[in-house]
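In structure tokens, one chain follows: the form predicted alone.
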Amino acid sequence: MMWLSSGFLFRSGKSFYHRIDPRVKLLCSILMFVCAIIARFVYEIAIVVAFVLGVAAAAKALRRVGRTVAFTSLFSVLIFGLNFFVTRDLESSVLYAARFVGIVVSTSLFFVTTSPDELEQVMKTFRLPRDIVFAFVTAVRFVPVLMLDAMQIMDAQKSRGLEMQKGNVLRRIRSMVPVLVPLVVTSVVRSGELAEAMESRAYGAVPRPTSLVQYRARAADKVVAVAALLLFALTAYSFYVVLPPLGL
């Protein structure tokens, strides 16, 4: 479980991509996200995914993004099956499944290379409401904590004789109840502790609090942003004008 979730967790790195302004990294992920949406054929989405993996390799995060691909492929199979069951169209079913992989992978690249603190500053830059920013960043921070709690509860229940890998699907779902109940209770307790910590620090007392960090785009950030926009324009032009349809 933790192996799969690490595809969306940040780890500090010293690569060039890690040092880029987080606003530029967000721009790059959005452009790759849009490329995956506007792609009309599976081979075009494969080009986008290959490019994302190339950027992940340059950022030394290929292994974690690869885990995201593996995890997303499971859901893409479900999307393919549901779409094919409804439409009986093989080409559109494969296209939607591949597009889902491209969308999630481009999103994963941003989260594995951007810390929650940087994400918070980026959201504040866009003048989003403070409560929304705090709730979103807190949710991102609590993902690894909840995963660790779930693993510890599962290990504790297995040591007490709980069988989670045997039986049919319904029996396995019922066996998750002894895991979900203490996990929910632990989350509620932790949320109460967080509320008390926020109150003790006078959260909300100042309408527009100042920030210690102020991002200023460097020359390298501007070059990367311009290159990303030009590459996006070239990709969109190639998808709709240059590259011929090749079926799937």
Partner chain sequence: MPAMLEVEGLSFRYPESRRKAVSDFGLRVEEGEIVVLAGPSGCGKSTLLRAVNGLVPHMYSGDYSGDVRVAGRSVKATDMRELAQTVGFLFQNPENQIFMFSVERDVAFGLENLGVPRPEMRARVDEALRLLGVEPLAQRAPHELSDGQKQRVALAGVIAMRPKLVILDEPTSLLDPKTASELVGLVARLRKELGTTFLIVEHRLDLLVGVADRMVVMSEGRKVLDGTPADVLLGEEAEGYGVAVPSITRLQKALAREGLVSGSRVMTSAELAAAVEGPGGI
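Positions refer to the first chain, counted from 1. Think of the rigid core as the biggest set of C-alphas that the two forms share within 1.5 Å after superposition. Since the structure is predicted, the reported quantities are computational estimates derived from the model, not experimental observations.
One more form of this protein exists, namely the form predicted in complex with its partner chain; it is left out here, but the text below deals with it.
Taking non-hydrogen atoms only, residue 218 never approaches its partner chain to within 4.5 angstroms in the predicted complex.
In the predicted complex, no heavy atom of residue 40 sits within 4.5 Å of its partner chain. In the predicted complex, its partner chain stays beyond 4.5 Å of every heavy atom belonging to residue 125.
A residue is said to contact a partner when one of its heavy atoms sits within 4.5 Å of a partner heavy atom; residue 145 meets this definition for its partner chain in the predicted complex. Look at 136 to 144, 91 to 99, 105 to 113, 77 to 85: in the predicted complex, residues with non-hydrogen atoms within 4.5 angstroms of its partner chain sit in 136 to 144. Though its partner chain is absent from this view, in the predicted complex it lies within 4.5 Å of a heavy atom of just one residue from 223, 70, 194, 50, which is 194. Shown without its partner, the chain has 116, 117, 120, 124, 130 in segment 102 to 132 as residues with a non-hydrogen atom within 4.5 angstroms of its partner chain in the predicted complex.
A movement of the C-alpha atom of residue 38 falling short of 2 angstroms is seen between the shown form and the other one when the two forms are aligned on their rigid core. Core-superposed comparison between the shown form and the other one: the Cα of residue 84 travels less than 2 Å.
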